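Encoded as structure tokens, the following chain is the form predicted alone, with no partner shown.
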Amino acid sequence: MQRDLLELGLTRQEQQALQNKRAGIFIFQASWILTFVCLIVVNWQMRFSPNWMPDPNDRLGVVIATIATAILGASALLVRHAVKVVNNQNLSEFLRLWLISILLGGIFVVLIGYEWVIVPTGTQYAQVFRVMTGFHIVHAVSIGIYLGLVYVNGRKRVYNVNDYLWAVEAGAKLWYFVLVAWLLFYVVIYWI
């Protein structure tokens, strides 16, 4: 890592600022993953309630969620590739991949939002489902907006090289967080 920073030509002060930013993202992600884990624990605890799901037909199927999960996974893979491309100074290819990632993220939000709307009401399953997916949708949309800002600023060429690399790295790490959190929810909500 230190060698990468030296290769970028960063001063010692810039290196320290970048390391602080990376530590900040790590702390943010660690604290928020605990919130997601707490929601999973609530889900498991509520399953033993008599009003959890009176009718098994009230449980949502896995088809839409599986498609949404695959789309989110593809989006994260494109973000990963976009990070590699921007590190090679190919801004036009980066912008193309980044935009496709944002669009796929939007499709994911629409699909899970649709499930949020159609889940049968009146059970604890529906309430916990709505809290978990709603919480995740808010995060996906918020981080998607950040990705959109990186895209817009990239098109305007607002960043210098160091700022741009950090903005892209931060966006990628946040988007990976969306993927990991969703994979946890996907397994708990749809498969267990």
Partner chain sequence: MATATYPIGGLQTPAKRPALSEYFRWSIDHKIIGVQYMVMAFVFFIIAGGMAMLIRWELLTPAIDLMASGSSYNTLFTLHGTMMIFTWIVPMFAGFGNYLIPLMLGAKDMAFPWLNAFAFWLIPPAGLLLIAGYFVGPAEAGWTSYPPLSTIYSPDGQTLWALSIHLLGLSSILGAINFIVTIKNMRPPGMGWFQMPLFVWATFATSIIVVLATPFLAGALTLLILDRVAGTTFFNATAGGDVLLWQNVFWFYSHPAVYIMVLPGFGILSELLSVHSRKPIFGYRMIALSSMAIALVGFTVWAHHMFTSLQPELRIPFMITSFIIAVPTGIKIFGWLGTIFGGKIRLNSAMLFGLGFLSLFVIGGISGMMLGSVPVDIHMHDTYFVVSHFHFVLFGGSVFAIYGGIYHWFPKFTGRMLNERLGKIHFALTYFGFFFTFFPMHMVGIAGMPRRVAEYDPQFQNWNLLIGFSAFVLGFSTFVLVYNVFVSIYRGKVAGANPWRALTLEWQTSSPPPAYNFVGDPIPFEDPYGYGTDASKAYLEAMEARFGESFNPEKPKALPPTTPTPAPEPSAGD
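Residue numbers count along the first chain shown, from 1. Keep in mind it's a predicted model, so treat the numbers as computed, not measured.
Another form, the form predicted together with its partner chain, is not on view; read the next lines as being about it.
Review point. Looking at 167, 143, 128, 65, which has any heavy atom no more than 4.5 Å from its partner chain in the predicted bound form?
Key: The option sitting close enough to the partner is 128.
Exercise for review: Have a look at 152, 38, 138, 70 for me and say which one sits with a heavy atom within 4.5 Å of its partner chain in the predicted bound form.
Suggested key: It is 38.
Review point. Taking heavy atoms only, is residue 21 within 4.5 angstroms of its partner chain in the predicted bound form?
Key: Heavy-atom contact with its partner chain at 4.5 Å: present for residue 21.
Exercise for review: Please check if residue 11 has a heavy atom lying within 4.5 Å of any heavy atom of its partner chain in the predicted bound form.
Suggested key: No, residue 11 is distant from the partner.
Check your understanding: Is residue 158 close to its partner chain in the predicted bound form, meaning a heavy atom pair under 4.5 Å apart or at it?
Key -> The answer is no: residue 158 has no heavy atom within 4.5 Å of its partner chain.
Practice item. Consider residue 60 of the chain shown here, and say whether it contacts its partner chain in the predicted bound form, taking contact as heavy atoms within 4.5 Å. Key: No, no contact at 4.5 Å.
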